[in-house]
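One chain comes next, on its own, written out as structure tokens in the form predicted on its own.
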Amino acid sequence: MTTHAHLREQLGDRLVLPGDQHYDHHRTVWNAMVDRRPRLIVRCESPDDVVAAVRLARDLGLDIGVRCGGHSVLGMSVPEDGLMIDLTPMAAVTVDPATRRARVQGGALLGALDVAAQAHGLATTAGNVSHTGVGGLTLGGGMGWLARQYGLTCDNVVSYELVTADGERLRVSDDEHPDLFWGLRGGGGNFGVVTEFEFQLHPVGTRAYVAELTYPLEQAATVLRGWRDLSTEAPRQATFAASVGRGFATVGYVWAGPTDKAADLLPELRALGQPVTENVGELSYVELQTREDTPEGHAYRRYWKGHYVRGLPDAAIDALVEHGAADMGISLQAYGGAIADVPDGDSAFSQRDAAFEYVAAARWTDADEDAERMAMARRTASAVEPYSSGAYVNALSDEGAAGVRRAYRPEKLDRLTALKTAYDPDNVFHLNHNIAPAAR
């Protein structure tokens, strides 16, 4: 039997055990509701460490959780009495401005990618909170302010370096293991541990523009209808976004790239009603990518529900506004553009025809409020569910297999199941929004 002393001899400081000085720090993730205790944490510094950790977990019969940014709302990177593969020491980002490529290790955060690429006026689609992990975001699809121009994050991956359930290291690209390349573009963490991503970068400059107008709730339905209609004609540089909650509605857009025409949409937006406040102006792209870091920070208890909608009919807006006085955040973000340009069959991501993503998110600090806050999010999201067309796998919470079926169309789920059966027949990587292999 493998002893802790033997493991310590093999892994040194890379092994963290219960009772070690920094154990609680390494098991703590973004959602403060998550309080699980892994038996072993292996802080991987190289792909070979990941191989060793996968094989060790299999030898010991332990569940595997894979940590990067730790932003899963269910905290799936923290396995109770299992082995956590902690990728955070593998956080390097290398940019080649000549080829417009970035190599990003599997434990890097989005902020590191943004800063390194912006040194050359480059960027790729990355989410809206800089302390999110590159790995989890990308494997689920990856939405961000550049997606309407350049596609989802997964659309910008040139290659992956992957450790499989058997501990094999693979390079995966359009030419190498193309079946797996298809599945990694939106299929989540079902097929292995990605130790490095290679991204295509784009010349976006270093500036951005934000226009946000806030209205009282009694104007929200009219304003949201107008905002919806304006979004359908918006140029691809503009991503329309809105939020409702605590008695107000905020509508507007984010313009990514050269800002000389960024304010052209503002007069029509201002004509929608009588705003009580405005937030309008230029900022750096890095500032844009970090401005949500504090409200989306750690140490809060969190729960959410999400939908995709192909349209946003008036009835859906009315249902959304009905819950606008709630002490929670309801958000909408427009899709379309380059996201929809990619042929549906080219990737596992299954919702390219979505017009908007909807999320109802609760954030609180008192554990006594858990049941109430979670029920509120479920109730709020259920009002919009009749108008939904599916779900974003990265926005799933506790829906289980039903959520996975909402995220992937039947023909894609069949293909993903076959891929899982081929590469992970024992379902070693199951602490995710799981696609189970076919029964043997």
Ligand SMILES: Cc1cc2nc3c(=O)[nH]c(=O)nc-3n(C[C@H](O)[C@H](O)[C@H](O)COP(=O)(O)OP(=O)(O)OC[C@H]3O[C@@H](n4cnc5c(N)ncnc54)[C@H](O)[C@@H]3O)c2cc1C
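In this text, all values refer to a predicted model and were calculated from it rather than measured experimentally. One rule holds for the numbers: they count along the sequence shown, beginning at 1.
There is another form of the same protein, the form predicted in complex with this ligand; it is not shown, and what comes next is about it.
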**Asked** Between the options Gly257, Gly106, Pro79, Gly183, which residue brings a heavy atom to within 4.5 Å of this ligand in the model of the complex?
**Response** Gly106
**Prompt:** Considering Leu137, Ala354, Ile317, Val223, which brings a non-hydrogen atom within 4.5 Å of this ligand in the model of the complex?
**Reply:** Leu137
**Prompt:** Would Pro38 count as a contact of this ligand in the model of the complex, using a 4.5 angstroms cut-off between non-hydrogen atoms?
**Reply:** no
**Prompt:** Contact between Gly252 and this ligand in the model of the complex at 4.5 Å, heavy atoms?
**Reply:** no
**Prompt:** Does the 4.5 Å heavy atom contact test between Gly306 and this ligand in the model of the complex come out positive?
**Reply:** no
**Item:** Contact flag, Arg67 vs this ligand in the model of the complex, heavy atom cut 4.5 Å
**Value:** yes
**Request:** Among 210-218, 92-100, 192-200, 239-247, mark the stretch whose residues have heavy atoms within 4.5 Å of this ligand in the model of the complex.
**Result:** 192-200
**Message:** in the model of the complex, does every one of Asn128, Gly133 and Tyr392 come within 4.5 Å of this ligand, counting any heavy atom?
**Reply:** yes
**Asked** Taking heavy atoms and a 4.5 Å limit, what residues of 13-42 are near this ligand in the model of the complex?
**Response** Trp30
**Request:** Would you mind telling me if Pro89 and Pro295 are closer or farther apart in the model of the complex than in the shown form, C-alpha to C-alpha, with a 3 Å or larger change?
**Result:** closer
